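One chain comes next, on its own, written out as structure tokens in the form predicted alone.
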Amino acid sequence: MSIVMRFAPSPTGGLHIGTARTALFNWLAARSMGGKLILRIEDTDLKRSSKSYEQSIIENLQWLSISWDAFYRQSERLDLYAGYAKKLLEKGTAYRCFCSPDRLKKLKKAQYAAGQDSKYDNRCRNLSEKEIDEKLQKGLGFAIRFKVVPDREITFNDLIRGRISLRSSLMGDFVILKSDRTPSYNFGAVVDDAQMEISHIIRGEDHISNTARQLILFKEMGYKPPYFAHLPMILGPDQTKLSKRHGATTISQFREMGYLAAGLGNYLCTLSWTPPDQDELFTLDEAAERFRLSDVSKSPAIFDKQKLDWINGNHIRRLDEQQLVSLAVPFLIKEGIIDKKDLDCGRPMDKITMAVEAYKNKIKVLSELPDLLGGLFCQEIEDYSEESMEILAQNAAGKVAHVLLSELKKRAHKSELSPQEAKQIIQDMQNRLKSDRIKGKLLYMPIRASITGKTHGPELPKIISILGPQACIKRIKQTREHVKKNGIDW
């Protein structure tokens, strides 16, 4: 049997976490089974579908490295659906429904008020040919409904959940072709799945009721149905359906926050699936080698942002220097930390590279970099932390700052300092302050506080090298004035 799967999003919104996981699991299953994946844009909701959403979905799938072997768009296949609907109409297993949207809305409202399930009341099911002709001559619009055999058990074996049974009496006669001549979701999906010879359908559990309708259509149209696998829901930390109130929910939002495709893709894989070796860090290609539908859990997945951050941070640390810098630069430009004009001149790239590498092990998402690096790309210290002021108030701080300033002035003619040269500055300071027994934290903490205004950060030689001698000199002088204003006598 040829293995063919499909991911069929509707372009009525961005690519959400749930639909992205569905796309990813289809891709993993297709690749692990040596099959093909079809991307099918189900854009027959004319009022809500948007080309911009379609493009966004495609771009985000590509960003996640989810590829496909064939592409279709339902809006380009309307004649096909109309032809199949006509055959069912002629066969007598479907009929024209002339009920207005207003009547159907009132019917649904009345059924809900009476505590009943909402379904069509079959008003147009038994119209005579004469009645139908009269309505057609009046130019009344109509939809086409499928005749559902009442009280019939529909059973299928779900590849994740096992045996599932539903009764046809719960669904009523459903629309297959709408009055605007576009197919309903269930009808369009069945026609396409049959025509494209889809072997497996992997989608969310909210489609289980749709599966029952589709199985009826597959049988009536003479096609063998695909295998079905329904993925569990993704819930927020509060055990409710993941939504905007839980924070970011679309792939575009996570991209803007600085998550890597590798990190987010890795995390999506862990939502209801764990590799046999229990390893939580892997590439999508590695996941495809291990993925089996039988290993997917039927229990709801809980979206855990802390775990996502941990996974993403690990993938950031796997990047080489050039990859990380190229990904970080747009975030630094956006926040005004660096100027694109300077980049075009090729001036600050070495400094950016050193700065990004210095904080590589501290970040979980790329959007954290502007705050961390901002202080390294300006001539002055923006603010002093309380902890740094406590350090600068110590007796040894003034002497350390004075010696540091003199060592920097020796090198003031240089535009840059290498980390090795910066390390030598600290070594020379240690030698000069040895007789004063100023070493260890008594030396390092005042150095850091006097040139950054903080007590934590990357290694001092890296900081001094990134800032350069002139900026360090200017900052020490700024710190001297700042502590003076705060009553500290150096």
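Residue numbers run from 1 along the displayed sequence. Quick caveat, the model's predicted, so the values are computed rather than measured.
The following text describes the form predicted in complex with glutamic acid, which does not appear among the structures shown.
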Heavy atom within 4.5 Å of glutamic acid in the predicted complex, from candidates R161, H207, K360, K351, belongs to H207
With glutamic acid left out of view, choose which of Y227, F331, Y185, Y84 has a non-hydrogen atom within 4.5 angstroms of it in the predicted complex.
Y185
May I ask you to check whether A8 falls inside a 4.5 Å heavy atom distance of glutamic acid in the predicted complex?
yes
Glutamic acid contact in the predicted complex: E42, any heavy atom under 4.5 Å
yes
Answer for R213 alone: is it within 4.5 Å of glutamic acid in the predicted complex, judged on heavy atom distances?
no
Is the gap between R203 and glutamic acid in the predicted complex 4.5 Å or less for some heavy atom pair?
yes
Using a 4.5 Å cut-off on heavy atoms, what residues in 292-327 are near glutamic acid in the predicted complex?
none
